[in-house]
Ligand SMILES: Nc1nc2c(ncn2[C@H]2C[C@H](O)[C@@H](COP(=O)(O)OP(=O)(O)OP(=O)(O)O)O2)c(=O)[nH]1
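Starting off, we have a lone chain in the form predicted alone, written out as structure tokens.
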Amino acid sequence: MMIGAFERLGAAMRRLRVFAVSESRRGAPVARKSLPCRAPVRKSPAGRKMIAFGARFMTNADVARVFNEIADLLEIKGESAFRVNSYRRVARSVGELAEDINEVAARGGLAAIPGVGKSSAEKIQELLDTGRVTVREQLAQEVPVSLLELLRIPGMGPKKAALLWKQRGVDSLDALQAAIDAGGLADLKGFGPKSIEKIRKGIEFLRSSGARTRVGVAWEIAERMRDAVAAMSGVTRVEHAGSLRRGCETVGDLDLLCIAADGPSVIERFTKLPDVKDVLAAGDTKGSVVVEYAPGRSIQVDLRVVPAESFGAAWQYFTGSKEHNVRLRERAVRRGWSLNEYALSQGERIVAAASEEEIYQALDLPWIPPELREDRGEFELTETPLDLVTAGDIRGELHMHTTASDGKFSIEEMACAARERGYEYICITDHTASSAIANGLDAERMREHIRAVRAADAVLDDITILVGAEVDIRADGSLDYDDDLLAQLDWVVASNHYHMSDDRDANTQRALAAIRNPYVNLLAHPTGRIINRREAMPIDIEAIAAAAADSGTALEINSNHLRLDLKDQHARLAAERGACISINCDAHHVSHFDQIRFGVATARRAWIRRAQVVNTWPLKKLRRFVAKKRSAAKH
């Protein structure tokens, strides 16, 4: 390797910061290895009825959004909390459903979805059949649907929106901005000068922040802010909370908790950090600021100073999720106790407060890892699942690229970076011919590449370099390379880059064809989504998981924060069906190895154990996994 290449690698490695995802030691280095919905009805190739929203079919997310909007409109109107929450439960259940809602409806299974009864099932069916829900249209005649825009303002809830509408005729963001500019809220009860200024800044923030922030962007900001607070004199502890700590794929805002001797001083210094664009609030124990991370793109960061004796209660409370906390409080209430951000208590007596562990223990629960705190079965646990996969369990990377295709570093440089992390093996999987935009390799170039990878493996110590390819799945389900060439590879990744469509059956059949190929070992980023940018293509995850389990093919959780594909619900379904998982960074740069934390967090949210992840296995076991599939195809 040339000296210049080593220097370039060294500079890149000095920029790397490796963090374990496990909760035990935060930041510890890894030691090792809208309007009434109306849409035309269209038929899928299978003949089942689906709803087209513009150029795409109605998805689970579309149904969840409509039911959340119904709940919001009901709350603005002033309906009972019971009725409002019933719609929110439906929205959450459908939003988290791993299976396509259209398929559930086709087999008559809507009423069996948790939180969905007969009446709600009928409304979902009406929505799928007609593109409308009667109750939604009735509400739209009574409440301006443009009020839903107001609910996106930080701190603006349905009750405040209702007051603005009923008392001042405000029914949109523009109308609210105009009312503020004209001084029309000055004498409105509950809207003092500070409140009005906060709303004004909230509107400005909303218009600049847009969608939720992807976790990869949020993580960098959160770490930078955390480090800045930790460096302040008198601060003895700083921790992330909220959706970032739970490993969610997107983040609405960032939450930090700290222990400090002088709260007001810490908050004052926090609001003056270089990254701060605007200050939303600054008190003795809480500060809220806006950080701009790109032109026109911002995120809110909240810091709370918490007493050491109640830090556990605060950390648990502000980590969430809301649904998890509701269940936890119900458990406390049944014992005659109360639970909030200050303590688990019985009247004036503190039962537990200093640590999360003692709070869960007092409620007869094991400590529950943050990634599981979503009210998806964690209250059935009898002990903390210590075998959830961690970043430290990962022994190698099985999906990565070099300068042979569209990567930025050579084979040797990528291998050295992986070895520096403690990895035992890697597999070079450069693109194939169909990915012309990615400088994909045709058959002849691949044969030369195989020789180059083998040569690099022969000279580098303490890491094994496998040779593979990320082979494109063609429109007809065939692969870019014939089986004779695939047989020369140690590990084959199949992926769909160019033939994603609205045809669920066609998408699924292409994936199944690849899975059944005896040389394919991994189906990469199976749904093809790009978070906040491109919807997942419709695909039958259950069928794919079953085929993967049956054939001995792994399914990927792609750790790139733009993808996180499979997402957590799909990965959990796949693992429960017996499919093996591979967590990879799809690395095109040595710094991309750092994104393993996001894939691992997604896997933990999916309840995946280390033994279910193929790249936590020793190399010999991984080779047996490959050999078994190839051997089975010969008999």
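Only a predicted model underlies this, so the values are computations on that prediction, with no experimental measurement involved. Note that residue numbering begins at 1 and tracks the sequence as displayed.
Not pictured, yet referred to below: the form predicted together with the named molecule.
> The named molecule is absent from this chain, but in the model of the complex, do 80, 85 and 87 each have a non-hydrogen atom within 4.5 Å of it?
The answer is no: none of the three residues contacts the partner (heavy atom, 4.5 Å cut-off).
> Could you check which residue among 198, 246, 561, 504 gets a heavy atom within 4.5 Å of the named molecule in the model of the complex?
Exactly one listed residue reaches within 4.5 Å, namely 246.
> Under a 4.5 angstroms heavy atom criterion, identify the one residue in 321, 478, 310, 93 near the named molecule in the model of the complex.
Selected option: 321.
> Since the chain is shown here on its own, which stretch among 225-233, 469-477, 536-544, 313-321 would lie within 4.5 Å of the named molecule in the model of the complex, judged by heavy atoms?
Of the stretches listed, the one contacting the partner is 313-321.
> Is residue 325 close to the named molecule in the model of the complex, meaning a heavy atom pair under 4.5 Å apart or at it?
So residue 325 counts as contacting the named molecule.
> I'd like to know if residue 253 sits close to the named molecule in the model of the complex, meaning any non-hydrogen atom pair within 4.5 angstroms.
Yes, residue 253 is a contact residue.
> How about residue 329 - does it come within 4.5 Å of the named molecule in the model of the complex, if we only consider non-hydrogen atoms?
Contact check for residue 329: yes, within 4.5 Å of the named molecule in the model of the complex.
> Applying a 4.5 Å heavy atom distance criterion, does residue 335 contact the named molecule in the model of the complex?
Although the named molecule is absent here, residue 335 would stay clear of it in the model of the complex, with no heavy atoms inside 4.5 Å.
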